[in-house]
Ligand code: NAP
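Take a look at this single chain in structure tokens; it is the form predicted alone.
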Amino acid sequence: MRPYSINYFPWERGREQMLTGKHVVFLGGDARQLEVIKSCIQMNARVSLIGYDNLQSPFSGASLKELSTEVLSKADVLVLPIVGTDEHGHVSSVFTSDTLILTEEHLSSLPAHCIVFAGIAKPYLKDLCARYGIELIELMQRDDVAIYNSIPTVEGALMMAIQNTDITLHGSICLVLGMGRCGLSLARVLHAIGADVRVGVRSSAHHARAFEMGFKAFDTRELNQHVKEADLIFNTIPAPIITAQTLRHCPHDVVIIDLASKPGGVDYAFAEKRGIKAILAPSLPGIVAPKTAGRILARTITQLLKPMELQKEGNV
């Protein structure tokens, strides 16, 4: 019997022809998108790639295109990078030296049934999709994606901790700030390898969960008192929490690994002034395990498209 794992879901069986006749357009991206592209090709979709002209190993079954309203007007699905666009419509791609800008004209050319996927969306992209009635799905806002992504995030955080300390994690005092989907996974793994895990939380529910799991919990409003003994501080809270005042209470040899999205939660200028090593490490899944991160995205996108296709078939 095939074991249940992150690389397998029962609903994947028989999905190979699920996207037959559908046009999936990829605009920009990094190594994570490669797994999604592969998955769409395997499911018999018609795949167009924009911003992939420097790809070393071109995909058989996908065609390279220029960014134009003509291509987008025939798209059933538009897949953007994890960061979507910036506030001016710029789309990043590691596979081209060209500048990619998704304009209002481009968005307005998408068919009404087109679905746009991005990891996160800034107001620019949200506003344009809303204005033209285009469905936008932010993958990183989904619990399932965030929980799966916590696996490579935790592994990357441990790697960075080992590389930047001269002590073992076993027996070290580790503060984990935030007990969301990533913080919970991180605290559990650190605890399992013998670290003294202390979790900074705000809600009574998170405090109770930390207690139930055997962690020492404290209120983040009392952070200044708890950083004094820390060997490592892992932050998952996307807000200014490790301030200059907090850094004044930190040991000079503490290592801070900030896993929150940019700009993070640390006063980096003051940390540098004090000689404290503070590392901003967002998007670790795409750095330490792009293939796994890409498979997570591919599974989620195809899982979301499947019921939509079944619904359409039922209406025929």
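Sequential numbering from 1, following the sequence displayed. Worth saying up front: this structure is predicted, and the values here are computed from it rather than measured.
The following text describes the form predicted together with this ligand, which does not appear among the structures shown.
Contact with this ligand, judged by heavy atoms within 4.5 Å in the model of the complex, is confined among 284 to 292, 267 to 275, 244 to 252, 55 to 63 to 284 to 292. The putative spot formed by 27, 68 and 93 is not touched by this ligand in the model of the complex; no residue has a non-hydrogen atom within 4.5 angstroms of it. The contact residue chosen from 174, 182, 83, 116 relative to this ligand in the model of the complex is 182, the criterion being a non-hydrogen atom within 4.5 angstroms. In summary, among the residues 107, 237, 160, 77, the only one with a non-hydrogen atom within 4.5 Å of this ligand in the model of the complex is 237. The closest non-hydrogen atom of residue 259 lies within 4.5 Å of this ligand in the model of the complex.
None of the heavy atoms of residue 216 is located within 4.5 Å of this ligand in the model of the complex. Residue contact check for residue 137: none of its heavy atoms lie within 4.5 Å of this ligand in the model of the complex. Contact annotation: residue 131 falls outside 4.5 Å of this ligand in the model of the complex, judged by heavy atom distances. Counting a residue when any of its non-hydrogen atoms is within 4.5 Å of this ligand in the model of the complex, the hits in 187 to 213 run 202, 203, 206.
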